[in-house]
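Below: one protein chain in two forms, given as structure tokens, structure 1 then structure 2.
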Structure 1
Amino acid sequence: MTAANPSSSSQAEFEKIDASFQMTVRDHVHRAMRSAIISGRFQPGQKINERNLAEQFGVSTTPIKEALRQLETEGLVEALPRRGVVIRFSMSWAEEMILARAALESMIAHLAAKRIDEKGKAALSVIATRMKEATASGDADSLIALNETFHDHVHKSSQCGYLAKLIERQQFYDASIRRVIHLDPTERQKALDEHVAIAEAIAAGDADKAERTMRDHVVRSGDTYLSIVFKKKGEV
């Protein structure tokens, strides 16, 4: 819907401005810590000291505690009552996060295939075409952006708000590494083929195929990521 829509009502309709862009201290800490953990800047089992953290960020312990609760619920740290929090992130944790994302993305792809409308199919097709172009021209940055657009569109088509949010929390790809991956022509082509297959399955309403191709895509691309970050050719 566009900002002004005079046809349906005498009152012009505007999107409510989203307050979520506002940055609070706790969110800043949360993002910074999350990023630090998934990029390996803490050792598994390492203890986190609230006062130290607060000092490092130059804030009080209150927003620190809140950020730690969020990380705890995400499963990236573990809180031992009255003993503090320790880092819970390792290669095996990352592997499981990929599996979780594969399970959830394939479920959401299944539903998207069932629920997508004609307009959604057209939009998906446009995204796929842009991906082909960006793949051919080797535009890694565009590909990274299109990748996100593609998955977001699948989420939207599924009409699943909860699942979409849940999937977001399984994401731990780092921008710089994604760039490295997309600069490899072989990898680019694989990802393109998979995205096209997913888009076609969804557009065709083939829920089972959408589910399968999505799962394979998430697992394969996740393994590529893992093998780079953890310097190991890993099969799950």
Structure 2
Amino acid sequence: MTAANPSSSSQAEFEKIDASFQMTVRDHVHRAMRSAIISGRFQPGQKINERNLAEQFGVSTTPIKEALRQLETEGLVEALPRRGVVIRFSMSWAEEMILARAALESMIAHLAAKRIDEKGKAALSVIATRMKEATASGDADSLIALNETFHDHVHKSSQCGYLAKLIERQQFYDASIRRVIHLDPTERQKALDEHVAIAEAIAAGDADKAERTMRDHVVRSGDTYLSIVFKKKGEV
């Protein structure tokens, strides 16, 4: 994708959809739009031009409308009478999403510490070891993938159904922003220390510590995300 100037009011730009992609057109549009919104390529309150988007993606307006309806259920856009669809994602909105994710992730970690079995503990240890290796080598792409693997494993170990469903809507970090964060050696080490502490608390069955360390990790990493996406734009 070609990133637009985030301080500009012009529409973010997108590439046409490759027909060989193994996902529906609507899902592709949704994923691309979601990534653009959460990485700050649209301004809060900016109106979405559906026809322009359809031309950029090389599709009809139908999948655009479907994707926007899905984004509206996630709270990222809003359909307003006589105005059309506008961007609702802003710094304050992102802060609330971070706090919501912190609350959910911390409770999932709490339950994981109570419910994880020996096989799960061993797998979590392996993931933490791989994170140490990737941190030492500065492999940002591996760290992005391992971070998702780590949290997915915690979710699986918690045996949660309802909470896991709720947290799906709180996944809003864009891969490009994650890469910027993980290219910083200091941030990489902080994230590693936090993940190791979470893994150790879960493996030890210390539910309260697992909950606390997970919450602190999500809030701190969320603050880092906010500083990159919004403070560079001067948004308050």
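Because the structure is predicted, anything quoted here is derived from the model rather than measured. For clarity, a rigid core is taken as the largest C-alpha set superposing within 1.5 Å between two forms. All residue numbers here follow the sequence of structure 1, with the first residue given the number 1.
K.L.:
Determine, for this pair of isolated chain forms, which one is the form predicted on its own.
P.N.:
It is the second structure (the form predicted on its own) rather than the first.
K.L.:
Among Asp117, Met91, Arg51, Glu148, pinpoint the one at the hinge where one rigid part of the chain turns on another between the two structures.
P.N.:
That would be Met91, the one at the hinge.
K.L.:
Smaller rigid part's rotation against the larger between the two structures, whole degrees?
P.N.:
Spelled out, the smaller domain pivots 15 degrees relative to the larger domain.
K.L.:
For Pro81, what C-alpha shift in Å is seen between the two structures once the core is overlaid?
P.N.:
Superposing on the rigid core gives a C-alpha shift of 6.1 Å for Pro81.
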